[in-house]
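Next up: a single chain in structure tokens, the form predicted alone.
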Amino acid sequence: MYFGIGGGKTSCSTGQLPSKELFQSNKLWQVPALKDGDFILTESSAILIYLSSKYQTADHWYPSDLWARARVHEYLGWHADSIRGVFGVPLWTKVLAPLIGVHVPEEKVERNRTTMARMLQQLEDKFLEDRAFLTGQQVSLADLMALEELLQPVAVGYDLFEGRPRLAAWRERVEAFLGSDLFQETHGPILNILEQMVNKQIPKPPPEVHLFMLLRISNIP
């Protein structure tokens, strides 16, 4: 998603393609990106931290306590290495790659599922343990980042919460905290992505982004 504070937004999950303004402001051609006046920021975790600090949100999101904040950063660091780039692969294989006529080999799909299972186990054992949330007894930015990624495979038919009662209970707690209206507003489009695809509501990507998409697909291990 690209958005400006006080301005509009672009959502790839609803078929609304990134604008030329985004590409001019973000040389990596990636979403999300944030524009606040003349200040431009990319990367999800950096944006969430920036917004939490700018608008002085409730302390539990990005704690002022040094140790509690360090736990959030610990998760975000692990998330970047182990979750991001892994759990988005099913969306690429089932939705995005077919949009440009590319088929991802089945062995890559199976390898990705094996990796996701391993990362989910680490998520439960290292971070969730017996806590209510990933970094403690209160919800934080870590939970938002994790839920966003984990719902992507769910959206294309891979229920990774099945057989994982601890993780399923965590998901329910996060969703309950957000409330059904906010959850539907933020996650409804991605959870309905297959329906959008069947109804041909996702436009074909323009030729200028094909090279970027091909590079992303080729990097699937």
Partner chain sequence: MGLELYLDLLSQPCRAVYIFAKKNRIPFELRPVDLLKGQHLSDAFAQVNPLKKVPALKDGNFTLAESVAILLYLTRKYKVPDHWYPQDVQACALVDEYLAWQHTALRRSCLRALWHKVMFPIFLGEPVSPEMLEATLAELDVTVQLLEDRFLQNKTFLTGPHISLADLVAITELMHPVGAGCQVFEGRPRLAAWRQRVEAAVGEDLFREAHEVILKAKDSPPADPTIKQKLMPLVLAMIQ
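Positions refer to the first chain, counted from 1. What you see is a predicted model; the values in this text were computed from it and never measured.
Below, we turn to the form predicted in complex with the partner chain, even though it does not appear here.
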* Tell me, yes or no, whether Leu191 is in contact with the partner chain in the model of the complex, where a contact means a heavy atom of each within 4.5 Å. => no
* Asked: Looking at the partner-bound form in the model of the complex, is Arg71 within 4.5 Å of the partner chain by any heavy atom?
  -> yes
* Asked: Can any non-hydrogen atom of Ser64 be found within 4.5 angstroms of the partner chain in the model of the complex?
  -> yes
* **Touches the partner chain in the model of the complex: Glu110 (any heavy atom, 4.5 Å)** => no
* Structure fact -> None of Val154, Leu167, Leu41, Val174 but one has a heavy atom within 4.5 Å of the partner chain in the model of the complex; the exception is Leu41
* To do: Heavy atom within 4.5 Å of the partner chain in the model of the complex: which of Val102, Ala117, Ala80, Ala132 fits that? Just give me the one.
  => Ala80
* Pick from 191 to 199, 178 to 186, 48 to 56, 155 to 163: which stretch has a heavy atom within 4.5 Å of the partner chain in the model of the complex? -> 48 to 56
* Structure fact -> Those residues of 201 to 221 with a non-hydrogen atom no more than 4.5 Å from the partner chain in the model of the complex are Asn219, Pro221
